[in-house]
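Below sits a lone chain in structure tokens, taken as the form predicted alone.
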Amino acid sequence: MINEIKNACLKAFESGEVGYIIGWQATRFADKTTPLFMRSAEDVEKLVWNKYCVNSTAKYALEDKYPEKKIGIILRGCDSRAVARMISDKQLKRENLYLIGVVCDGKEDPICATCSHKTPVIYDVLIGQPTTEEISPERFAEVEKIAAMTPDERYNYWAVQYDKCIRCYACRNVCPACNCVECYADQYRTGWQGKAHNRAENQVYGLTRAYHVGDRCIECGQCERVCPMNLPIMSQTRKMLKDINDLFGPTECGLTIEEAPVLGEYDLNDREEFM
């Protein structure tokens, strides 16, 4: 498969349409890869495709709002949903992208166990045999486990988590649904996010972010992967997704570029039992 991916990259450069292509390259650690920015055909030889290609390639495109040529991105299923999410949010333009989709075989990342879209949902070129998967029955397993706790147990559980948070904002920086030009957490005006490091301030940040991305989360798990304190961030966000599924019916985000966030739409046929 790596040869097919490399050939697709070479053809993209030969066409002259693409300015650079984002993929993965090896590091000095056998079990680690890092994002690779290929700017010419010569760089393609550095490209790797293995079980350690866990870094999302999509959000880097946000750093180049007005590209001279198309931005090439090698996409797994989750990366393609990230691109769809950002196009839907009007952060990227489809015509500025050249998408090389690769059917993913699962990576060395726990979130891959619950992935239901190993085939990219948006692409210009697809490499690999498309697969059809059902939504994993384990999707909300951790949410249900926490929901089964008593109120005091739940509070104590999350208190321990937020006590660990160092507010490095790595979760925000890697998240494709976090794409505001300026995050509220960086505001210095009185009344916005405080700068003190304590449980209450950490809870405000964590809960605000969960509500911000709750109906736009593509479940890529990048937030949890990059967290240096190993916070169960996806458990919190998936609680929002489970509530949305319970209230509005089966919902997955980032499957098309036309979709609007669930909580940003209004329909006279919406269920109203919760009002």
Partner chain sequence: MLLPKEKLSEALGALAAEANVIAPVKWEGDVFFMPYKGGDVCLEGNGKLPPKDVLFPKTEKMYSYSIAKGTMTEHNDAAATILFGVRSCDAASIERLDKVFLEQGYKDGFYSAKREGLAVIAMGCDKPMATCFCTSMGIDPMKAEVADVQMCPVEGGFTVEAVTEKGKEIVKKWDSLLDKKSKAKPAKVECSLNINVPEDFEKKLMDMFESPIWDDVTKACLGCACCTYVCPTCYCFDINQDVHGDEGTAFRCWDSCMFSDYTRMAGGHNPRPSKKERLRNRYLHKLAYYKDRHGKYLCVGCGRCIANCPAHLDITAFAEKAMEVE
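Residue numbers count along the first chain shown, from 1. For clarity, every value in this text was computed on a predicted model and none was experimentally measured.
The same protein also has a form predicted together with its partner chain, omitted here; what follows describes it.
In plain terms, the part of the chain that comes close to its partner chain in the model of the complex, with a heavy atom within 4.5 Å, is 159-167 out of 109-117, 74-82, 96-104, 159-167. For the chain shown alone, residue 136 is not a contact residue for its partner chain in the model of the complex, no non-hydrogen atom being within 4.5 angstroms.
For the chain shown alone, residue 174 is a contact residue for its partner chain in the model of the complex, at least one non-hydrogen atom being within 4.5 angstroms. Residue 27 belongs to the set of residues with a heavy atom inside 4.5 Å of its partner chain in the model of the complex.
Taking non-hydrogen atoms only, residue 45 never approaches its partner chain to within 4.5 angstroms in the model of the complex.
The three marked residues, 35, 63 and 229, each reach its partner chain in the model of the complex, with a heavy atom inside 4.5 Å. Shown without its partner, the chain has 39, 54, 55, 60, 63 in segment 39-67 as residues with a non-hydrogen atom within 4.5 angstroms of its partner chain in the model of the complex.
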